[in-house]
Ligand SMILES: Cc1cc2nc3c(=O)[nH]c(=O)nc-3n(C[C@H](O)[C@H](O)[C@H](O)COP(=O)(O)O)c2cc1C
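This document opens with one chain alone, in structure tokens, the form predicted on its own.
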Amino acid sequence: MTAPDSNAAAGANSATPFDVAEADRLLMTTRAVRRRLDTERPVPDQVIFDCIDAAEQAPSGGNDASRRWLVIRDPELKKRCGELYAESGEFMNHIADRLDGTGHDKEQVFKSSSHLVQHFADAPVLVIAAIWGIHDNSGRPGLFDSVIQSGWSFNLALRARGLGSTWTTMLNARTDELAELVGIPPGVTTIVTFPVAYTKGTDFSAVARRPASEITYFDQWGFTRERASEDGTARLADGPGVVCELDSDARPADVWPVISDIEMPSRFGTELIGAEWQSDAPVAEGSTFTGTNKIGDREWQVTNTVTAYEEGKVFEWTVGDLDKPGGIWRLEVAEQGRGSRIRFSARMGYGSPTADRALSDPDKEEKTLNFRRGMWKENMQKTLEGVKVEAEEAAAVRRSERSSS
């Protein structure tokens, strides 16, 4: 058994509080490194041992010590692993070539992935994380869950020492050849392979992600809050909202005409019954339209202002007074696999009747807000399902027209 690094062991036994800023910097800047791996600088065994010792402190189900690590240094073995990886990842090269110079959102990702496909075997070390056990499709993959956190800890340990890697799984498509190549016995499952090297520079930074407030739900799936609650309950002051998302086989180009149509919610939901632009000018931030709404016997009209508009991607409008809105609604579409992910979100404001009712009785504020959010969520989900059908039908028509021309 390899003795843990003495400095690491001392740190692990220390009662000194962590420097949160430095810990967050490590967590937020541990990137997938592909093009900045230094293939010329050797990686000592001791560094690998130290990083695996750190990774093995990750929690595991039932404290089951079933993880195993395979370090590949032999040039011929690495070369053959690189060939297997390239055969499985050839599609990356094709996508990278197709996106090159287009400015597509994922152009750089596929360019980087293609680089790794071509240079996988050049890494000084390949490290495979594996586990004793075979997935039986039982829906209870607890054994394999014990590898994920360890693999991530391994990446963090690398980053802390000036090394980097990226999480690769394409060799899992060639398990028989890999097992024969490096002698992996039956009953062992390979989970991930890390090409490990020192990095060319250590100036990695955080990347753009949706903030926690947009992807964190409270008590009910899709119930958001813009700001952290002081007492953990839903309060108007915290910007309560709703998010609904749906994946579609239609491409963003087919989804966008549907979600940017202000009449669209009236076709699928139950509250908006009509909408009309107040000007014939091209739609942009600041454009306004009148919406007619109805709940039961109550019908009303309100002016809406476009507050975010990115052609093909984002359409947001604010209901009523911009300084005291009734709500802010937002539709987004983004590429997801071969299709799209459509996101419909809304946030409550102080200018709505719901706000008046909620604030009139603080003891019932949360109940009032959640009841209204439940109504929103039902309508928003119906709307997205309608968008999906309409967009996919439009996509089918376009494909038929192309094939017949």
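Quick note: we count residues from 1 along the sequence shown, nothing fancier. Just so it is clear, the structure is predicted and the values come from calculations on it, not from any experiment.
A second form of this protein, the form predicted together with this ligand, is not displayed here; the remarks below concern that form.
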{"property": "Partner-facing stretch of 159 to 167, 288 to 296, 257 to 265, 217 to 225, counted where any non-hydrogen atom is within 4.5 angstroms of this ligand in the predicted complex", "result": "159 to 167"}
{"property": "This ligand in the predicted complex: contacted by all of 85, 109 and 113, heavy atom 4.5 Å", "result": "yes"}
{"property": "Contacting member of 375, 58, 27, 32, with respect to this ligand in the predicted complex [4.5 Å, heavy atom]", "result": "32"}
{"property": "Residue (of 94, 209, 135, 324) lying close to this ligand in the predicted complex, criterion heavy atoms within 4.5 Å", "result": "209"}
